[in-house]
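Take a look at this single chain, the form predicted alone, given in structure tokens.
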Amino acid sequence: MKILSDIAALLTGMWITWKHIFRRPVTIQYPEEKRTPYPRYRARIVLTRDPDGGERCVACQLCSAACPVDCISMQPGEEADGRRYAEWFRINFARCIFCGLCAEACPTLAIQMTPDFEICKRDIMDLVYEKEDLLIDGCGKSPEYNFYRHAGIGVTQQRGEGIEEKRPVDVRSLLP
């Protein structure tokens, strides 16, 4: 019985090979012909802006914590009105595995992935992108989202003065 199953497996493999032997090859001549990636294809990382034109990145460092190969680094900074931003943001595309965990971890939707997959360079140091290289003018895939508007606390407001907020309770008034 083992011989019959082996012969059946061999004939099945030969049949599949025979079926595909007369098909035209699917080879694409890459530089001249380019395949259009699927709409949800994840490749190059970009930093987006909010609808007001400000940077979305608040340098919370969740993206660098979620990155399995540790290719993202940044330095947080704070403006005079209390709004946080990344003083510098650096990603090493030579180490990046394009897994998308950084984009999923970003609470402000600042990091988004584009279908641009052609980022080959001869010098490996050219694959280290700074914030200026990553920052785009648009909002990306979510044009209506503004983190500071949706966070519930206005940047220039005191605590308790925002919409749907209550004034902080003085804990000394709760003592007997």
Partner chain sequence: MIYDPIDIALILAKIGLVFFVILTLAAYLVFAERKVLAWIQDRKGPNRVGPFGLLQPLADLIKLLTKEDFRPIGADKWLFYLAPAMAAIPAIMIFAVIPFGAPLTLFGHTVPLQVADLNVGLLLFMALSSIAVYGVALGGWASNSKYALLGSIRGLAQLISYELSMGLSLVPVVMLARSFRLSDIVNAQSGCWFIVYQPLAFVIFLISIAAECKRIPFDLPEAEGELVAGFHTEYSGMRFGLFFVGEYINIIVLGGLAATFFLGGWHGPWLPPAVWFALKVLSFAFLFIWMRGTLPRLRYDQLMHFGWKILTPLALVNIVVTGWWLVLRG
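Just so you know, these numbers come straight off a predicted model, no measurement behind them. Numbering follows the first chain given and starts at 1.
Beyond what is shown, the protein has a form predicted together with its partner chain; the following relates to that form.
May I ask you to state whether P31 is within 4.5 Å of its partner chain in the predicted bound form, using heavy atom distances?
Contact with its partner chain, yes.
Considering non-hydrogen atoms and a 4.5 Å limit, does its partner chain approach T36 in the predicted bound form?
Judged by the heavy-atom cut-off of 4.5 Å, T36 is well away from its partner chain in the predicted bound form.
Where, among 112-120, 43-51, 136-144, 23-31, do residues come within 4.5 Å of its partner chain in the predicted bound form by heavy atom distance?
This holds for exactly one stretch, 23-31.
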